[in-house]
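Here we start with a single chain on its own, the form predicted on its own, put down as structure tokens.
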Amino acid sequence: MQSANVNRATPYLFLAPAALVMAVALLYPIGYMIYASFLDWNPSQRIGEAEFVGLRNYINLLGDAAFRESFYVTLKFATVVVSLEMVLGVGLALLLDRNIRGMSVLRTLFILPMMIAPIVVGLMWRYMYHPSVGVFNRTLKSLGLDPIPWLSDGNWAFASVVIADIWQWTPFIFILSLAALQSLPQSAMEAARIDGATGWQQVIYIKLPLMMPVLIVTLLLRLIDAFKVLEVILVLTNGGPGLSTEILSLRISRTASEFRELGEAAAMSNYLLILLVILTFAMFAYNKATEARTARLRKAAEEDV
């Protein structure tokens, strides 16, 4: 009995050092940030010298119109870019999931944008959006059309950062969607073709339902990343004009570095963390239900064959 207990505990003993390091690396910064959010703290003080103010930072933020606007811009940005990236990425994966000459080259070209550093992406798009020498406005002028104030108008500036993010991160959705497509059981596809299903019917009733667990995880990863995006927007617009593109991560950085309010910046970070935790748990709960449905679909497809 004792030997059996030791054997069961052995894998956990081997995992314990790595788990301890990960726990410290994860929990200590979070705990430090939570503690800092209860302080009136600026960079000229040690954290032990800062005044404890309780929930004042959180309450003040709820009444701060600029914070609420940044929170709204963040939600809008994440919703728009992730929705469009999912549609484009999955659509490209469905389009390129076939054996055609040169398709491997096209797949490689599609993933190049996500390999470029975000700062470089921001600079590249900033040059293209330039009001006088940018490629977009020069093209419009050559066609006899008026130039567009890409980065000087609030609505156009928001659209500009959305376009840049979509260009860079749609390949991420494409790669994971294509991998999910290529792992689907061929028996299900063959059974659908034998039953006379058209291409669209196979996509809607077979491929997408079977891909759903992977798509949900992909959606969650992109949502988390979209809420944290910083460099591209910092280079393109620096949050302007006004607050039209100031997402929460940029406001947190500005509050800590420019306004020197470390406690308030920590409280903002915690609001963002709470939102991401809620989204994560909701997505995992939905993913669990989807995996059960997918398992039933796979089983039914195998029985049909």
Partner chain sequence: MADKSYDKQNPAYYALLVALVVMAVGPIAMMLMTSLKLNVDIMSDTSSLLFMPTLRNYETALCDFLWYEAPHIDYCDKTFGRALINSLTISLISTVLTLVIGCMAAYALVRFRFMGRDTVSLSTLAMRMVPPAVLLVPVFGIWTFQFQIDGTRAGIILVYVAMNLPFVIWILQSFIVQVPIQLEEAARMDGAGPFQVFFLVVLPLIKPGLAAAAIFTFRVAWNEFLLANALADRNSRTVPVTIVNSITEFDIDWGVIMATGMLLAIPPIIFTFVASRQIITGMTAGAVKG
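All figures in this text were calculated on a predicted structure; none of them were measured in a lab. Under this definition, the rigid core comprises the largest set of C-alpha atoms superposing within 1.5 Å between the forms. Residue numbers count along the first chain shown, from 1.
Below, we refer to the form predicted together with its partner chain, which is not included among the displayed structures.
Contact stretch among 122 to 130, 155 to 163, 72 to 80, 196 to 204 - heavy atom within 4.5 Å of its partner chain in the predicted complex: Only one stretch passes the 4.5 Å heavy-atom test: 122 to 130.
Contact test in the predicted complex: residue 63 vs its partner chain, heavy atoms, 4.5 Å: Looking in the predicted complex, residue contacts with its partner chain do not include residue 63, since no heavy atom lies within 4.5 Å.
Heavy atom of residue 284 within 4.5 Å of its partner chain in the predicted complex: Yes, residue 284 lies within 4.5 Å of its partner chain in the predicted complex.
Residue 28, heavy atom within 4.5 angstroms of its partner chain in the predicted complex: Heavy-atom contact with its partner chain at 4.5 Å: present for residue 28.
Contact of residue 100 with its partner chain in the predicted complex (heavy atom, 4.5 Å): Yes.
Partner contacts in the predicted complex for 242 to 262 (non-hydrogen atom within 4.5 angstroms of its partner chain): Heavy-atom contacts within 4.5 Å come from 249, 252, 253, 256, 262.
Shift of residue 109 between this form and the one not shown at or above 2 Å (CA, core fit): The answer is yes; the displacement is at least 2 Å.
Cα displacement of residue 100 between this form and the one not shown reaching 2 Å, rigid core superposed: Yes, residue 100 moves 2 Å or more.
Rigid core superposition, residue 29 Cα moves 2 angstroms or more between this form and the one not shown: Passes the 2 Å threshold, so yes.
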